[in-house]
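This document starts with one chain, in the form predicted on its own, laid out as structure tokens.
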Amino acid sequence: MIGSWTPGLAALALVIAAVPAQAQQFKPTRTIEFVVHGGPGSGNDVFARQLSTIIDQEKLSPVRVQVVNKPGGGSTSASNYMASKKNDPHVIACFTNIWLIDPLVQQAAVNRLQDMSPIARLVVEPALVVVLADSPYKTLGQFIDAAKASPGKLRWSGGSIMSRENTVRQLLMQKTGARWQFISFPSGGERLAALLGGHVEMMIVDPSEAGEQIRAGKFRAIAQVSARRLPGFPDIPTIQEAGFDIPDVPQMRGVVGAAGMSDATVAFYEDMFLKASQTPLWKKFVEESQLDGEFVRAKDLKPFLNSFEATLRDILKDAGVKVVR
């Protein structure tokens, strides 16, 4: 009889109620904010815009993905903004190492990456140590020897003091006893200009930018910041192969959502970025940039972040950096 409550209907209702939340599909209904902690043209800005372009071209999202720049305080302006968007399913962020490092070294940086909603890690970025093509330093060892002979005279350009560039510098100085200056610039273009203009003697740069300058005859690569040699630079030794036994400092990039994101929402974004990572345009970007494009899913990302945070804490301590957490 229509409208009667039978045992069969009751059982069906129980089954429906028992369907897990992650099985209930999510689709965004308004523009997705893709937060980055750097300004326009920064590494993570370029990275996020490349992804948003692919998502748009491949129609992987029913709504637009808009990159939102929140520079300032390393990652703290961006992470504070993410904290203010708790439970918002339309806000995601591009993270790098600095999102883990800032809470380790800044008492005021209270918004930890692990407290957000992990979605995916997309790449690990190697880097090259470069000098001008006419530099007298043909190896990293020669630069170190010169720095020992003239403490504090030589200069190395980079980003913030918590950047991979300065962490590598601190580790090398601690290992060798050499001393040289770190000159911080807010943008990659300024760092490149400082080396090209002879205002610094060395810098760490990503392979795509370095390759362009090397082909133009302006830069010479003398070492690689990588666990293994890159295919595009098979004759350039890693820092460890050059004779300096310091920990590798990998630079990763990935995506997290605001805290409180449901399993269904995380699943939507994970699937969207997985599909983006399988497109020919993304594969071309990864190959040309000489990135490690191993995709780490949401379920594996949080334990990875916890483990990597512990590794970074040890590296920072080894580099002589004060750790507050």
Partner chain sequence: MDVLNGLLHGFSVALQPANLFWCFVGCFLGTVVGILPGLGPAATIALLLPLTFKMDPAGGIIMLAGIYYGAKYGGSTTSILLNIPGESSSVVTCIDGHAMAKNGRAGPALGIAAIASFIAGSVGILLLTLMAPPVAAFALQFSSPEYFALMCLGLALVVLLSGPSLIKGLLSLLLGLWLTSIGTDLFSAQARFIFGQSELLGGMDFVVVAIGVFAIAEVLASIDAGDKARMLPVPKGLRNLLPSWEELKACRFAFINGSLTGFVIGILPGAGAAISSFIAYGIEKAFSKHPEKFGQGVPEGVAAPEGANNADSGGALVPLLTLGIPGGGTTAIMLSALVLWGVRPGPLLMTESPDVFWGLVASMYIGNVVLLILNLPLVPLFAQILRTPVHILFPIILGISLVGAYGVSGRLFDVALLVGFGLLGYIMVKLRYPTAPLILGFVLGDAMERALRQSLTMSQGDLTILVRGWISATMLICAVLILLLPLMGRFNKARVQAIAEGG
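Rigid core: the largest C-alpha set superposing within 1.5 Å between the two forms. Positions refer to the first chain, counted from 1. Treat the numbers as computed from the prediction; the structure is a model and nothing was measured.
The form predicted in complex with its partner chain is left out here; the points below concern that form.
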query: 4.5 Å heavy atom contact, Arg297 and its partner chain in the predicted bound form; finding: no
query: Contact of Pro247 with its partner chain in the predicted bound form (heavy atom, 4.5 Å); finding: no
query: Interface membership of Met162, its partner chain in the predicted bound form, 4.5 Å heavy atom rule; finding: yes
query: Thr238 within 4.5 Å of its partner chain in the predicted bound form, heavy atoms; finding: no
query: Option touching its partner chain, based on a heavy atom within 4.5 Å in the predicted bound form, out of Asp115, Glu212, Asp145, Asp88; finding: Glu212
query: Residue (of Gln174, Ser84, Thr139, Ser77) lying close to its partner chain in the predicted bound form, criterion heavy atoms within 4.5 Å; finding: Ser77
query: Partner-proximal stretch of 249-257, 195-203, 229-237, 120-128 relative to its partner chain in the predicted bound form, 4.5 angstroms, heavy atom; finding: 195-203
query: Residues within 4.5 Å of its partner chain in the predicted bound form, restricted to 173-211 and counted by heavy atom; finding: Arg179, Gln181, Phe182, Ile183, Ser184, Phe185, Pro186, Gly189, Glu190, Leu192, Ala193, Leu196, Gly197, His199, Val200
query: CA of Asn166, rigid core aligned, shift of 2 Å or more between this form and the one not shown; finding: yes
query: Rigid-core frame, C-alpha of Lys86, shift of 2 angstroms or more between this form and the one not shown; finding: no
